[in-house]
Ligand SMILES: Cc1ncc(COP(=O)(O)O)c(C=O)c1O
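Before any questions on how it binds or moves, here is one chain, the form predicted on its own, in structure tokens.
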């Protein structure tokens, strides 16, 4: 069952217009929310970021109460031990072009199954750059074609994630994750000015572990003692291989501490 605007419908009957601006030009924003045994994690933070992204595109603020109702109904209709909730909010039916129309926005809340991530993974660096000067930098938009291409390249190389530099040659982010490194004992992550998304899990790890933001050259991946990824469904995941470089002790002690802190704190408070 999927929530479309104000209705819960069967997934086989759930539709949006082929003229929806989210489909034709990617004029939309979204959030992915983790749900465990029918209970969401950090939903308020996700809704706040959905609003920031919508404002960045010039869309009307989404109605948080409406989104919460959609999430609640979808969870009730689709009981899962571990689920991925996708909230998509678009410009609605519009002309065939970049100009937005006057029709109401579209809201879709869907859910899919998720599996627990392994403690370690491999990543691949890619030659394409994030543009830290982009008009949509920091917004979680539905324009994900660049990520699709990069992630496919990583998958072909036996990795689960691709890592980008920005146009200044600094470490930025993954296709759907933030990245942390341990260098000379310090736990560091790229600043938001690098062009990376302000990840929900990223910020919680910073708050709970004392990690610091820094300008990091892309080749820090060749020197870091430990590397880990954060995202809604990965939580904290150690990197055991970057391209052909093996980090044989992954997860290292700093990563293990961050994993334990996140598991404990997130279990104590489902809406931090």
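Because the structure is a prediction, the values reported are computed rather than measured. Positions refer to the first chain, counted from 1.
FYI, the form predicted together with the named molecule isn't displayed, but the following is about it.
J.: Tell me, please, which stretch of 90 to 98, 197 to 205, 111 to 119, 150 to 158 lies within 4.5 angstroms of the named molecule in the model of the complex when heavy atoms are compared?
T.: It is the stretch 197 to 205.
J.: Just to confirm, residue 178 within 4.5 Å of the named molecule in the model of the complex by heavy atoms?
T.: Contact check for residue 178: yes, within 4.5 Å of the named molecule in the model of the complex.
J.: Can you work out whether residue 128 and the named molecule are in contact in the model of the complex, taking contact to mean some heavy atom pair no more than 4.5 Å apart?
T.: Residue 128 lies outside the contact set for the named molecule.
J.: May I ask you to check whether residue 241 falls inside a 4.5 Å heavy atom distance of the named molecule in the model of the complex?
T.: No, residue 241 is distant from the partner.
J.: If you check in the model of the complex, is residue 209 within 4.5 Å of the named molecule, heavy atoms only?
T.: Taking the distances in the model of the complex, the answer for residue 209 is no, it never comes within 4.5 Å of the named molecule.
J.: Listed by sequence position, which residues of 221 to 246 have a non-hydrogen atom within 4.5 angstroms of the named molecule in the model of the complex?
T.: Heavy-atom contacts to the named molecule in the model of the complex: 230, 231, 232.
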